[in-house]
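Single chain ahead, by itself, as structure tokens, in the form predicted alone.
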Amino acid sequence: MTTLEDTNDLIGRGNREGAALFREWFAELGQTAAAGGQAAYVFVMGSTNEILKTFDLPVVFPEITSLQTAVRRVAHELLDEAEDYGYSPDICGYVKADVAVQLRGGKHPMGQLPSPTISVLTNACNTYIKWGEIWERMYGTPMFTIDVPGTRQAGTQTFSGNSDFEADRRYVETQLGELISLCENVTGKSFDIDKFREVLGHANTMSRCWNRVLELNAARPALFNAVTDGTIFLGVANAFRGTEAGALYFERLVEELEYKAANNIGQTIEEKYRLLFVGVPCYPIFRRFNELFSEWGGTFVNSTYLWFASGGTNRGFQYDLADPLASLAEGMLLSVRDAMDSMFYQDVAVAEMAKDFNIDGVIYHPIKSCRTVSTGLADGRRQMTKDLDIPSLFIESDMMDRRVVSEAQMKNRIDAFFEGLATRRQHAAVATSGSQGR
């Protein structure tokens, strides 16, 4: 029997525990930096955290550490510093913020970051490779790039059992074997296959639970906000992937959300409009950005961001512990390809989400700093409108640079969008009433 005290502790537990784990992650990085220990720099799409955790390497996600500088309202200082150093105003804000942090000796608003001993990246984002080269020049540390074959054309995805897929999987597996050899050389440790299986087991738990978390948010009302709460979940999904703490966190998160779904407990706002978010959040005014929608009763029930920034956990893929390296290669091929598809063919992702989540509107948010995410959004929106006839809003700002974020301009357009949604709903109600009267 669940008591009132138990309920009060359960509701919001995922956010509280996620924030605590995030602080623990930064604390570990600070301790590593203070001790002069080794650390790996990686990215959310294809982080290979499963291999790196097997070698006990603390992992830095510069996409995450950079966005935190925007949330904490210091990114503009770092961007100015990187631009003064010579970086162009029109390149990725994440990169420039990280460069400035490195120039400051790793000093970050949430703590000290260690220098990279090794950097691991994939071709999922064209910026990754150039970013890794910056660390290579700064620190002289090895950079390992994994070439993950993407989808050749929309609708042509292949899966396990297909000869082309198996060739791609073997190609990725060979590269992962080379990464293991490099990690052995860098750390001085031998690869422990049993520990690797243990790490994969924790990753399986997390992936299974994350997939369930997304399914549960199809409830009415939605159980969490995919932009605000979802960003907390993403932080844990990446930084703690393959760890016991990360697996336990997601098991407890599922427990909380299933309780909320069973008892029809939504968020603190009255849900009037269910929205999809396409793109990357506006971190310089993160909380206020969400309020511009929630003040109208709009809540984000899903997003492409939860898809491509989740490190593949959204798929729910389960590693085969009997053949761990081959299975990791398969999971990595599927997840990185899936992440790229959610950006390049986001109309397909939006169509699937709209069907499953009962959507009233789609918010497209192209950003100055990231062409990879933003390119094609206008075309995707046009195709979505043609295929689904769902109202949409196209607002431009940035994920890092407050100099190109106009809250007043966004508010005017968002207000007009919701006024249009209200009018559309009134017309639909009149049409329904008229047909019933006949």
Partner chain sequence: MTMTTIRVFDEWRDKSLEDALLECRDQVESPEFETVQRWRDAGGKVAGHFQVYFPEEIIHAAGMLPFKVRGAPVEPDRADSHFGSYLCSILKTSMELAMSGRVELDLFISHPICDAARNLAAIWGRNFDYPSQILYLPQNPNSAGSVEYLLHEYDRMRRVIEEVADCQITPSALANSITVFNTNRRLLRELYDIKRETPWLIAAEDAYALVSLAGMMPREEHNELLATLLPMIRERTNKAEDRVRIVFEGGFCEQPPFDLIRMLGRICYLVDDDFLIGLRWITQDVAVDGDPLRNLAEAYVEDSSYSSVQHDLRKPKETMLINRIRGAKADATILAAAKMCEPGLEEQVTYTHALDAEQIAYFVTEFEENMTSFDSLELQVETFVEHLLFA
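Residue numbers count along the first chain shown, from 1. All values reported here derive from a predicted model rather than from experimental measurement.
Beyond the structure shown, there is the form predicted together with its partner chain, which is absent from this document and is the topic of what follows.
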With the partner left out of view, is residue 378 within 4.5 angstroms of its partner chain in the model of the complex by any non-hydrogen atom? yes
4.5 Å heavy atom contact, residue 321 and its partner chain in the model of the complex: no
Contact between residue 371 and its partner chain in the model of the complex at 4.5 Å, heavy atoms? yes
Heavy atoms within 4.5 Å of its partner chain in the model of the complex: does residue 357 have any? no
Heavy atom within 4.5 Å of its partner chain in the model of the complex: which of 297, 149, 109, 266? 149
Of these, 352, 90, 291, 270, which has a heavy atom no more than 4.5 Å from its partner chain in the model of the complex? 90
Looking at 48-56, 396-404, 64-72, 29-37, which stretch has residues with any non-hydrogen atom within 4.5 Å of its partner chain in the model of the complex? 396-404
Using a 4.5 Å cut-off on heavy atoms, which residues of 113-130 contact its partner chain in the model of the complex? 123, 124, 125, 126, 127, 129, 130
